[in-house]
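To begin, one chain is listed below as structure tokens, in the form predicted on its own.
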Amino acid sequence: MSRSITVIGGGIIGASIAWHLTAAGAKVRLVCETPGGIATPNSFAWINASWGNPHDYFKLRMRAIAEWSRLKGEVPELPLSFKGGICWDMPESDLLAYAENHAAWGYDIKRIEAAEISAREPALAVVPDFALHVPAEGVAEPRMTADLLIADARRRGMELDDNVRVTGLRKDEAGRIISITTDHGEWPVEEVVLAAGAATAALAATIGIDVPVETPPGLLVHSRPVAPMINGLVIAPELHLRQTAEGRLVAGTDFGGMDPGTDPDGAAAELFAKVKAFVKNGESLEMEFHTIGYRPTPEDGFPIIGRADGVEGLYLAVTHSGITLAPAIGLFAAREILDGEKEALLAPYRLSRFE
């Protein structure tokens, strides 16, 4: 008899876990307000194992990059693009230290000079003397990727309940999850995966579990679609830029987006002016819209993945690095839930580290 598992959350993490559980033979019900999630559509969508992280986290991110290729083999329609990233968003000494450190870890990273930068990204009006190039970095168009994983999981037998707002969890006296409360009533459950992004902490708190998650806002600007201009990822000081499959230029002061402050429209206009100045013929660009995403970010910046101690039948999955980590978290969570495996790469990222 297959396991019956309810996944709460329709963003990239919930979609990946639901897909992997379904593909492994579980009976899965995905419950969400909006397929595609809330934070996921507002993501810059950079797949990387870039600077600023310890080696353990680097290894998890590298595994996740590899798992994207595996997942695309299972779902060929996934809108992935691995055209590499060019980075110069830090002082020269820091940039060179990053390259040396990550090359020693096995990251395919090299220094390129201005001529090669211009050859790779001829639309740039601002070209540094040198930068770093990482060919393995890429993007997954976020909303479309989540939607396609959900659609493929449904073809494999997953049940989808959307337009449903989950308001709480319930457990019995023995500490086992027995139901979820929603704006459509109370529904019995056997097991729950809580992958609700920014809502994770509030839902976990309904059964006395403290999940330390912050939700900083991040503003990104989106141009009207234009002919191809930007080939890969451009990670420049105070401006991270890429072009979507639909032709829109997407930019933030960094990949997480900028703080919109008290005047989001004004902040967006100021940011888009930087985009127009950054590329050749940028004066012809028009901003179509801006987005503000509330990024589910654990207190220490690293994922929280795994079973919650003291509550039977509950598995947690919340991380800011959703786009990069989604295929690995989906695979590992399915194995841990269904087979009882303990994935070594997830060992540093259990909720118990905050105790």
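Note that residue numbering begins at 1 and tracks the sequence as displayed. Quick caveat: nothing in here was measured; it's all calculated off a predicted structure.
Not on display, but discussed next: the form predicted together with a small molecule.
Asks: Does residue 199 reach the small molecule in the predicted bound form if we count a contact as any heavy atom within 4.5 Å?
Replies: Looking in the predicted bound form, residue contacts with the small molecule include residue 199, since a heavy atom lies within 4.5 Å.
Asks: Does residue 195 reach the small molecule in the predicted bound form, with heavy atoms at most 4.5 Å apart?
Replies: Taking the distances in the predicted bound form, the answer for residue 195 is yes, it comes within 4.5 Å of the small molecule.
Asks: Answer for residue 58 alone: is it within 4.5 Å of the small molecule in the predicted bound form, judged on heavy atom distances?
Replies: Contact check for residue 58: no, nothing within 4.5 Å of the small molecule in the predicted bound form.
Asks: Residue 330 versus the small molecule, in the predicted bound form: is there a non-hydrogen atom within 4.5 Å?
Replies: Answer no; every heavy atom of residue 330 is more than 4.5 Å from the small molecule in the predicted bound form.
Asks: Report the residue, out of 62, 39, 287, 308, that has at least one non-hydrogen atom within 4.5 angstroms of the small molecule in the predicted bound form.
Replies: Comparing distances to the small molecule in the predicted bound form, the residue within 4.5 Å is 39.
Asks: Tell me, which of 276, 120, 154, 165 has a heavy atom within 4.5 angstroms of the small molecule in the predicted bound form?
Replies: So the residue touching the small molecule in the predicted bound form, by this definition, is 165.
Asks: Can you say which of 343 to 351, 330 to 338, 7 to 15, 21 to 29 gets within 4.5 Å of the small molecule in the predicted bound form, counting heavy atoms only?
Replies: This holds for exactly one stretch, 7 to 15.
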